[in-house]
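The chain below stands alone and is given as structure tokens, in the form predicted alone.
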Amino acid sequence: MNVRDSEHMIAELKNKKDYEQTNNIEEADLIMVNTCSVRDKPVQKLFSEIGHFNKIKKKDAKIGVCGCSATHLGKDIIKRAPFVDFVLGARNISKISNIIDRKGAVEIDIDHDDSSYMFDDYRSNPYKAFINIMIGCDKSCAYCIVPFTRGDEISIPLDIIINEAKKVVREGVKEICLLGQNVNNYGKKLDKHINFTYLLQKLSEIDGLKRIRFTSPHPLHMDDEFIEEFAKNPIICSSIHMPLQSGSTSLLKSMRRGYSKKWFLDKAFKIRDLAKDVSITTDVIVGFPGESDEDFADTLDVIDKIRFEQIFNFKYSKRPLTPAIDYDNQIDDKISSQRLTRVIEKHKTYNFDILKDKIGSDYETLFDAIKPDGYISGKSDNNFTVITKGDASLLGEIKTVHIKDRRKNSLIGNMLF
């Protein structure tokens, strides 16, 4: 979502203010830092980064802080770093072309509604496009600051999404990725028949669209209708992100996730059963307040049972405005670090076998990157990186690759046709 927000801001500045991108920060007239606030470390890094930029930027160049940290820190950013020219919250990016000319401006209204705003077009990848289908979040997970930085959940009107998808396909895009905090809760406050499954079905009818991905769905909204559509629809990629966070039912309740260990396992097993060669990725938080050895063992148990293709691992990070910051039984950082290491090592033990098992398989691959020494790379339907011999003429093409070997995090093969 941050990547797409950045693309929107770049497009607005290119088309309305005649800005062009530069790779040389010392010649830039405008430097923007688009921030995340999910964890504390990136927030702390923000101030060292903008301090460095201020030292090396040319005279009169502007610095802006955008995104989620901009929302929750607001005016404090300029108090701590007076050289910052403007602050633009995640819910206000449509205002970018105006705010850059207002020294000291702070726009962080989380009730601002961008859902029907028609952004100018810019994509960092000509063959793949991110499309927002919703903004904000109505969940109340105890550890998460996002509802306080992106506001209430709003579904973008169906016709806007369909028209944007048709437009990018006409321009050569083969794959779209639908974005939202909880994409499979799409349709709230729209017509009763419109939900995420219906949206997937309508998008699949677009002539020339080869692939649909989405991130992130919420386990709580993975009903049978959605799972069956995901598994049977050939346009939907066989890759899904299921944020677990914890395998402990009691800890999930404390986190306010709304589902149990059994619920999560039942949904994941059904997806494994119905979707051919599916790739399931997840998020895991260790060290959440009150996490006992037994709670952590439950997380390891789910990891063993599902054998996720990829795990994004995090130590719990205290965030302002969230209920968990005041919870008793905060976990010692040393224990959290040990548990994080165990999760990482556990995944390593079977990640080798997951990749090894792909040898001998044939995967349709959308090529979008040149590699050194006459190779190209792309993503398989189930989201593995595939590398093969090839040149720039194959970029944007979908070809079948027979997998012959594996590397640490990728598959190597020969193109069949």
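When you see a residue number, it is the position in the sequence shown, counting from 1. Values in this document were obtained by computation on a predicted structure and should not be read as measured data.
Unshown form predicted together with a small molecule; subsequent notes refer to it.
Colleague: In terms of non-hydrogen atoms within 4.5 angstroms, which of the given stretches 195 to 203, 225 to 233, 271 to 279, 141 to 149 touches the small molecule in the predicted bound form?
Modeller: Of the options given, it is 141 to 149.
Colleague: Check residue 315 for me: does it contact the small molecule in the predicted bound form (non-hydrogen atoms, 4.5 angstroms)?
Modeller: Because a heavy atom of residue 315 falls inside 4.5 Å of the small molecule in the predicted bound form, the answer is yes.
Colleague: Closest heavy atom of residue 257 to the small molecule in the predicted bound form, within 4.5 Å or not?
Modeller: It does: once the small molecule is placed as it appears in the predicted bound form, residue 257 has a heavy atom within 4.5 Å of it.
Colleague: Tell me, yes or no, whether residue 109 is in contact with the small molecule in the predicted bound form, where a contact means a heavy atom of each within 4.5 Å.
Modeller: So residue 109 does not count as contacting the small molecule.
Colleague: Give a yes or no for residue 38: in the predicted bound form, does one of its heavy atoms lie within 4.5 Å of a heavy atom belonging to the small molecule?
Modeller: Although the small molecule is absent here, residue 38 would touch it in the predicted bound form, with heavy atoms inside 4.5 Å.
Colleague: Using a 4.5 Å cut on heavy atoms, which of 187, 247, 289, 243 is close to the small molecule in the predicted bound form?
Modeller: None of the other options qualify; the answer is 243.
Colleague: Between the options 218, 72, 261, 211, which residue brings a heavy atom to within 4.5 Å of the small molecule in the predicted bound form?
Modeller: Residue within 4.5 Å of the partner: 218.
Colleague: Among 6, 29 and 95, does every residue place a heavy atom within 4.5 Å of the small molecule in the predicted bound form?
Modeller: Not one of the three qualifies.
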